[in-house]
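Encoded as structure tokens, the following chain is the form predicted on its own, with no partner shown.
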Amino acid sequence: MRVLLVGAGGVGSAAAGIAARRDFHEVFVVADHDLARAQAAVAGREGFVAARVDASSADAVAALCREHAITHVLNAVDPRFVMPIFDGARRAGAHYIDMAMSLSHPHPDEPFSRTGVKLGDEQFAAADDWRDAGLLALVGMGVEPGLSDVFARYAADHLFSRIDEIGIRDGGNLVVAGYDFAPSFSVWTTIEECLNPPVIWEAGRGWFTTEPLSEPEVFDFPGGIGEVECVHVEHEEVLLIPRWVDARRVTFKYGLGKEFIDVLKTLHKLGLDRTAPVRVGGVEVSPRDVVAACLPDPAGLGDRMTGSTCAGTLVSGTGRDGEPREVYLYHVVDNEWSMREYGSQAVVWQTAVNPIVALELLATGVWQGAGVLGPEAFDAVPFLDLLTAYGSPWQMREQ
């Protein structure tokens, strides 16, 4: 396997560090618009190569793939660049993996009840082309989406005879010393998923939307995290899980906490969540880019961070024994552990480990497929076993 990793930010650098401990790849190219950042991600790692790439250009991605005879492209940049990287991999005849899907566009007239362009629609529109070419585009293979979707498939195959609801619940108790407000993940992506109309799936109704940050609930997270307020946000699992898993309802709620929710509402009220440029003096700038530039880089916060992050899937329905059942399948990463073992903060490490596990399953032939597929399209057990072998086991709690 010859891998091209596009993006040497927090998640990309963490992914390179995880992959460096495995031997399933022959060549591992790390590319970024900032060559120095890519060079830092590969420093001292045998078989790793740094390169510069313009992730907004499908031609540039394809050319880099051809230069290094790449077989698999791993996209580790924010969702704005999904389509050029996706298209570039296809043009070069390479398989593709990402951790977030192509962007959505709200319904122009009824954004809080009807879907417009949904997450991943642009990619799924190309599914026949990928399948006909014998190529796999594995989309949404991070932690959420990604591991959460694997949990849904595992529950359907091994724990339930009927599933009433699958609800992704994500939360943590991470604290960053020295900052009043410091998101642990890309604020550009966080704003995108939290302030877009959230999507819900219901059998017989299909996909529909609701108000952002709606229906708050307090969820008790394991791993010493405790109770966190969770709200509806837009997320890929709701667009992926119903394609392969039979469930009557699918939702996603993010454990943001009241303070974070209030900040997001304020940004939206002031128009600072917008991506369209505005003129300031003699230049045009995107308000959201300004917000991101004013906040610290999440990749550099690990040594100031304490606490844990939890990603999980809450499933309710009828168990294999015919009795009512509700379980929470989850994965906790402690920041002290991830910093000590890998030098990466917990959120980016938890995101990065899952596509590397998936790449290894593809390299060994355990996972195989063609077309545009989500994690639910594959057997969950080999993935969960290999994740545990990586030293980061998953767990399950009966509710």
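Sequential numbering from 1, following the sequence displayed. These figures come from a predicted structure and were not determined experimentally.
There is another form of this protein, the form predicted in complex with another copy of the chain, and it is not shown here; the text below is about that form.
A.B. asks: Find out whether any non-hydrogen atom of Glu259 is located within 4.5 angstroms of another copy of the chain in the model of the complex, and reply yes or no.
C.D. replies: Yes, Glu259 is a contact residue.
A.B. asks: Does any heavy atom of Asp321 come within 4.5 Å of a heavy atom of another copy of the chain in the model of the complex?
C.D. replies: Contact check for Asp321: no, nothing within 4.5 Å of another copy of the chain in the model of the complex.
A.B. asks: Examine Leu267 and determine whether its closest non-hydrogen atom to another copy of the chain in the model of the complex is within 4.5 angstroms.
C.D. replies: Taking the distances in the model of the complex, the answer for Leu267 is yes, it comes within 4.5 Å of another copy of the chain.
A.B. asks: With a 4.5 Å heavy atom cut-off, would you call Phe181 a contact of another copy of the chain in the model of the complex?
C.D. replies: Taking the distances in the model of the complex, the answer for Phe181 is yes, it comes within 4.5 Å of another copy of the chain.
A.B. asks: Heavy atom within 4.5 Å of another copy of the chain in the model of the complex: which of Leu174, Ala126, Val263, Ile200?
C.D. replies: Spelling it out, the residue with a heavy atom inside the cut-off is Val263.
A.B. asks: Considering another copy of the chain in the model of the complex, which of Leu135, Ala156, Val291, Leu314 comes within 4.5 Å of it through any heavy atom?
C.D. replies: Contact check passes for Val291.
A.B. asks: Report the stretch among 138-146, 233-241, 267-275, 92-100 that approaches another copy of the chain in the model of the complex to within 4.5 Å, counting heavy atoms only.
C.D. replies: Only one stretch qualifies here: 267-275.
A.B. asks: Identify whether another copy of the chain in the model of the complex is within 4.5 Å of every residue in the set Val280, Val283 and Pro287, based on non-hydrogen atoms.
C.D. replies: Heavy-atom distance to another copy of the chain in the model of the complex: all three under 4.5 Å.
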